[in-house]
Ligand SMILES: Cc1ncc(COP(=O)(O)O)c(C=O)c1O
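A single chain comes next, written as structure tokens; it is the form predicted alone.
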Amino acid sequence: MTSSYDERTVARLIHDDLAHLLHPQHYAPDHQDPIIFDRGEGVWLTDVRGRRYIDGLASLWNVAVGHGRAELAEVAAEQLRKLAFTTAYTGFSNVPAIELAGKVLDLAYPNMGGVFFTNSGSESNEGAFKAARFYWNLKGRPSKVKLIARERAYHGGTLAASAMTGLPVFWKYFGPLVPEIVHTRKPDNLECDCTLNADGECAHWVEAAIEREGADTVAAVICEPVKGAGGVLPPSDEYFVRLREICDRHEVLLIADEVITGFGRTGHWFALQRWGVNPDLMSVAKAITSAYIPMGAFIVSQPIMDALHDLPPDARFMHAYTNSAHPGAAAVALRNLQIFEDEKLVSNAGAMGVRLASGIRRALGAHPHVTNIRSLGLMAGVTLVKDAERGTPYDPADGIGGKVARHMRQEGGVITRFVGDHVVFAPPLVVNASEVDLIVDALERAVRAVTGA
């Protein structure tokens, strides 16, 4: 391990970080000894002390092409020298944004027709919700204003996106929430033939919510194809086929939140392609630029795009962000997507996802404290339990997921994420077989060390 920072400098950086910087999901007791990153290459990150780690979550599901891609830095510098920024409000545009919109539509679902660029996934989901309401107003159905969201879903950090999120910890102290956003729950006395998802939910939970609220009041349903922050919880193969039929029958729009799953993460360019389902709107971010410059988008179907092209004079689509269609971000996104194609990263995600999942099952499939090993593409999760045979969970106070993740980081050199008793993985799409094996080995050693079995 080599470092260009001496211990005095490292100590100053830690002091200043603790004193001045508010972090996402800030909780000071968890941040007393932060890892401060200095550089990265491929799936590897190096901290200011010179220690290397495998980035087992692509930083936050987003650094798809890996760290240290000089070509992305070069295209950003070239574009910023040429044209750093100009407004994209009505009447103005720029070349990279125009070309990126066309490229995204070429890759997306065949029914998609228009792209609105944002700065993040939260903004993308917020905009998709507004677009759904706007569309129904144009159709003369102003009562269709509600959004159905699911339990254990995560959709972002703005106020509406927080309300969409079905994880109470994300909105406990931020209420009151947007009242027209409601969540699914298991219906009383539900009997159906659905195959349950990894989280025990089926499509009829959504239908029950629509019927409970009244379909004439519901604008849209929003779903992650795989619940990511909730613990990497993939659907059954029939889930979205049934959900599409339910939304059509009740005249409700389907929003696919592909902020995590979009651009190759599941072994397809977009996740619902796996089941032949087309959403009405979709939200993306993260991997569109591999996070080299912040960018996101919401994408609308051709019927919605047609409606937005034929507006009455008093109905401008008054939704805007200063940095929408930022030329520097768009140029980076175009080059990033070219890397995807040149290096066949979507197919690599599929192959390495199989290796990751099979490796975890081989190492821990019979472990007495591991259950519910699940995966889809290059996303995987495991659940830690006190007794796998009986399904007895750990007491949340045990912090079992955090202990395993900490051991992986400190002893195995692998950084990943835990959600309660779930440990989850989503490495960069450039990961290779030997690096996947290192992740599996670190997980196995951590589970055995922490559980003593």
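Bear in mind the structure is a predicted one, so any value in this text is a computation, not a measurement. Numbering starts at 1 and follows the sequence shown.
Beyond the structure shown, there is the form predicted together with the ligand, which is absent from this document and is the topic of what follows.
Stretch 256-264 is the answer when you ask which of 256-264, 317-325, 364-372, 132-140 has residues with heavy atoms within 4.5 Å of the ligand in the predicted complex. Within this chain, N278 is remote from the site of the ligand in the predicted complex, having no heavy atom within 4.5 Å. Proximity of G156 to the ligand in the predicted complex: non-hydrogen atoms within 4.5 Å are present. Under a 4.5 angstroms non-hydrogen atom cutoff, the ligand in the predicted complex has E224 among its neighbouring residues. Residue contact check for R150: none of its heavy atoms lie within 4.5 Å of the ligand in the predicted complex. Contact annotation: of the candidates S120, S162, S301, Q79, the single residue with a non-hydrogen atom within 4.5 angstroms of the ligand in the predicted complex is S120.
Within 4.5 angstroms of the ligand in the predicted complex, the stretch 269-287 places a non-hydrogen atom from K286 alone.
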